[in-house]
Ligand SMILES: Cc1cc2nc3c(=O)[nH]c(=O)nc-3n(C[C@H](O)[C@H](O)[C@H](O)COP(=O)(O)OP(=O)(O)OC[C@H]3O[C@@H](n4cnc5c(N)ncnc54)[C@H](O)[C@@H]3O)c2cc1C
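Shown next as structure tokens: one chain only, the form predicted alone.
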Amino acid sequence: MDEQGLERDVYDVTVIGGGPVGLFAAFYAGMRGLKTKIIDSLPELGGQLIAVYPEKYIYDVAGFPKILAKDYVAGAVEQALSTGAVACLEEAVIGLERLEPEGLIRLTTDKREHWTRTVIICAGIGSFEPKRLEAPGVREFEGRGVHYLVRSLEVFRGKDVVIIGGGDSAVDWALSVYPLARQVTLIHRSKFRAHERSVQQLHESPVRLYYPFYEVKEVRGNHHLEEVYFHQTRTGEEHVVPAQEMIVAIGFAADLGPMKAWGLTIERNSIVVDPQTMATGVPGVFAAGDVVTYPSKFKLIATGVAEAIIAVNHAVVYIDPSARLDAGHSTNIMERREKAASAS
């Protein structure tokens, strides 16, 4: 019971974050027979993939040469909920507290309290805001041609499009948009910091490339964006291109927010974990995905889901030290679950 004498609904594991890693953690926890809950502050599951770039292709998930983020999320959500996980959306976790001697963890959100035996933090990069491009006219045309988040590629069909940035997102947007657009121009102030194959595809595409040392000076238009002015910062050479739409993909400002007060070890806005167990410094609290750091960490969906499996298996043993750490092949796990369900 809680302090008010109300019966607690205690879960075995609560996953904080409903992105691809959190969704797989929930699925695998269900496979291991754990009563599982997902808490996410967004109105729908999928995390950054669905909130920021549902129409962008992703390439680092096994079994798919490429897949639209929204399509991958649809499958990941179906998989996560197939083993019984409960999703609590539009709830931001603001507090985590271990209660002794019960050994339970109380999670406080902006709406209510949740009780759990273990926690797996899969919060991606935490709360995030796109970095703004500081150039005259850019803020005035946000929502009128200037995009930081893209919900549909159709807005670019038949348009002149300018893309700002040189990381994976900027390159991927250029490759996704140019088949629809009339003309795509990419402007970047440095070298590309994207996957080598994507950069090669970009160079082989009809996208007009201005890099390195090119920066936007000003954007202009009437009611809607019409032109982008930019220059070569070393030579002063100036250019102007027509643009009805502009995607700014220069990164995100991330913040772990309330998690920094939970007693976790934080390094450079990431949670330090033991890579053998994915355990944090707080008993019963594990973490996986882009939110964690350890030597030789790679921030990919593929490595994140592997970390989720490690975290779940060690959560099982944390709850019941007599349990098997390795439950064996997934087929065997599911067969045992089905037999147990039919017997009950």
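The model shown is predicted, which means the values in this text are computed figures rather than measured ones. For every residue, the number given is its place in the sequence shown, counted from 1.
Quick note: we don't show the form predicted in complex with this ligand, though the next part is all about it.
(message) Taking 4.5 angstroms as the heavy atom distance cut-off, pick the stretch from 314-322, 26-34, 271-279, 284-292 that is near this ligand in the predicted complex.
(response) Residues of 284-292 come within 4.5 Å of the partner.
(message) Taking any heavy atom pair closer than or equal to 4.5 Å as contact, tell me whether Asp160 reaches this ligand in the predicted complex.
(response) No.
(request) May I ask you to check whether Lys70 falls inside a 4.5 Å heavy atom distance of this ligand in the predicted complex? (result) Contact with this ligand, no.
(request) Look up in the predicted complex whether Gly165 has a non-hydrogen atom within 4.5 angstroms of this ligand, and give yes or no. (result) Taking the distances in the predicted complex, the answer for Gly165 is no, it never comes within 4.5 Å of this ligand.
(message) Please tell me whether any heavy atom belonging to Gly126 falls inside 4.5 Å of a heavy atom of this ligand, as the geometry stands in the predicted complex.
(response) Taking the distances in the predicted complex, the answer for Gly126 is yes, it comes within 4.5 Å of this ligand.
(request) With this ligand left out of view, choose which of Glu91, Glu226, Glu113, Glu215 has a non-hydrogen atom within 4.5 angstroms of it in the predicted complex. (result) If I apply the 4.5 Å criterion carefully, the residue I get is Glu91.
(request) Give, in sequence order, every residue of 28-42 that has a heavy atom within 4.5 Å of this ligand in the predicted complex, or say none if there are no such residues. (result) Heavy-atom contacts to this ligand in the predicted complex: Ile39, Asp40, Ser41, Leu42.
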